[in-house]
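Just the one chain here, the form predicted on its own, laid out as structure tokens.
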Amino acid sequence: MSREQARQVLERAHRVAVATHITPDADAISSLIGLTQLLRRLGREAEPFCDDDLPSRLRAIPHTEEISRVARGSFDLLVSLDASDPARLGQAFAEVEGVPLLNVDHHVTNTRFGAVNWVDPSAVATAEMVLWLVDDLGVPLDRELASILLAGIVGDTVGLRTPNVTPQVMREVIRLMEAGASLPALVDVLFNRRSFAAIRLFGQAVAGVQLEDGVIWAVITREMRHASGLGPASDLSLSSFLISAEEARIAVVFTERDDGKVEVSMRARPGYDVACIALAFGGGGHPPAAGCLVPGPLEEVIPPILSALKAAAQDGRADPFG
């Protein structure tokens, strides 16, 4: 399915429920709010949903207070954003039946679960795809909408530092800045701010870090989180920090949730692929950044995932300019 088909489906819709994935990141919330605002500016009724708590830093994105957990009521279109499979939506659409779903995503691991699927792995972020829809649907860019969309692009490219950042992406960033979005402000709120509790937990996790066969990993238990005073929706970005170790080719962080499930966050250097590992364990993502949510207990989750990651760390190419 194409971008043009996605545009046509959105043009025909009147009341739309828009949802993104659990454990949301900046791109998830940026694309969720961005598309909701785009549809409202076209005169449509649009409501945003995310079946999870938001990390505090993402609440700097405008209109996040309007997000609900589960869609209820009458809709003529559902839109999934930045979710590689329906399980990643949690219960967001569980109470809505018989409504067609438009699946918009940029993950190579997307399972094409919609009635209409627009999946474009060439996009650096789903927020970038929403920006393309802004143009396709003829909606003017103002400062608020530009800021919302730039947050997703900056977030998913780790501050415009990932290998898929092209001159075209940079031109889009400049355009969003010219519309009023502040790149320095977004970089600051997305990457440079952590609560004191998060810093305490970060320190505990780093103290127990291990490195073996090119894989560096850390574990965050429920007890560690509770002792630090950190809530369940806090995003430490620890895996992105661990991959900076010179000896590491792949990094992974295992975080035990209160419900007993384990969040697995993976990062890889250029030339190595963690998306295939995440997909094998029910998750998804990109070759350099992926994750999954798996049933516990923690001690049973870690060994098979570490074994798969160690094998992947031997299969890649060590090209720093890859």
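The structure displayed is predicted, hence computed values, not measured ones. Residue numbers run from 1 along the displayed sequence.
Heads up, the form predicted in complex with a small molecule isn't pictured, but that's what we're talking about next.
Peer 1: Flag Ser84 as yes or no: does it have a non-hydrogen atom within 4.5 angstroms of any non-hydrogen atom of the small molecule in the model of the complex?
Peer 2: Flag for Ser84 set to yes.
Peer 1: Since only the chain is shown here, I'm wondering whether Ala290 would be in contact with the small molecule in the model of the complex (any heavy atom pair within 4.5 Å).
Peer 2: Ala290: contacts the small molecule in the model of the complex.
Peer 1: Is His107 part of the interface with the small molecule in the model of the complex - any heavy atom within 4.5 Å?
Peer 2: Yes.
Peer 1: In the model of the complex, does Thr255 come within 4.5 Å of the small molecule, counting heavy atoms only?
Peer 2: No, no contact at 4.5 Å.
Peer 1: Go through 65 to 73, 260 to 268, 45 to 53, 30 to 38 and give me the stretch that gets within 4.5 Å of the small molecule in the model of the complex, heavy atoms only.
Peer 2: In the other structure, the partner sits against 260 to 268.
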